[in-house]
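Presented below, as structure tokens, is a lone chain in the form predicted alone.
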Amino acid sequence: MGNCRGMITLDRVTKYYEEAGTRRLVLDHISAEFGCGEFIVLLGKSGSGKSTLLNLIGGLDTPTSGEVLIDGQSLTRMNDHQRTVFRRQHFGFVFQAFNLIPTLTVEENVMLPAELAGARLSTSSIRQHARDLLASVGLLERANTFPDRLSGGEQQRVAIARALANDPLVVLADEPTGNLDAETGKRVLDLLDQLTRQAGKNLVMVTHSEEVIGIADRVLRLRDGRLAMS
């Protein structure tokens, strides 16, 4: 593990929300460490805190107490601006709703992360990288198409290409097959697994899909705000 990149460390992470004067505990002193090219799945009932934990790992939210470290760097100690910059440079996200920008072509959607992160590359280099990624998900011929012309499975494949655009340390996937039929969902899962493994990325996925258990390296279950190895 000498060359391990993107190790995720959770140190006594607690998260609660104030709702109508009462405190709702979602995550309760969670400590865990994973990474180095692992495919981690977070399972749990609806409302168990899976997406909350994913958002904390990705710096989209901050814990009430405790610390989240990525590659030894504390997200918790960063200010909002530092966290945004770190997130753009080191994370790739795949969401249930695809979240492609409808006014951009498929190619432009995949180019966007590099442009947002301020990559010091020429536009032609960024475009070529986007086209290489689209080829890897089998959609190069749709590069100039707008997202609304694609099927759900194709949109999610574009989202996977976009998630890998910045050579992230960690790819986070929140119910990536939730809007897809079973067969398309399985193809998307296999592709996500294959591409992140090839690139040596850490993949953390929230899902209800029991199929994932067979291909994940580790399955973690959230119950009553606590994390249990499965």
Ligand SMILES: Nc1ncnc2c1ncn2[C@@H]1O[C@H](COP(=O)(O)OP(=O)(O)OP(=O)(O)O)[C@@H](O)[C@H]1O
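Given the structure is predicted, the values throughout are model-derived calculations rather than measurements. The first residue of the sequence shown is number 1, and the count goes up from there.
Although it is not shown, the form predicted in complex with the named molecule is what the next lines describe.
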* Do all of Thr62, His81 and Arg88 end up near the named molecule in the model of the complex, with near meaning a heavy atom within 4.5 Å? -> no
* Tell me, please, which stretch of 42 to 50, 192 to 200, 29 to 37, 165 to 173 lies within 4.5 angstroms of the named molecule in the model of the complex when heavy atoms are compared? => 42 to 50
* Counting only non-hydrogen atoms and a 4.5 angstroms cut-off, does His208 reach the named molecule in the model of the complex? -> yes
* To do: Please run the contact check for Arg12 against the named molecule in the model of the complex: heavy atoms, 4.5 angstroms, yes or no?
  => no
* Mark Arg23 yes when one of its heavy atoms lies within 4.5 Å of a heavy atom of the named molecule in the model of the complex, and no otherwise. => no
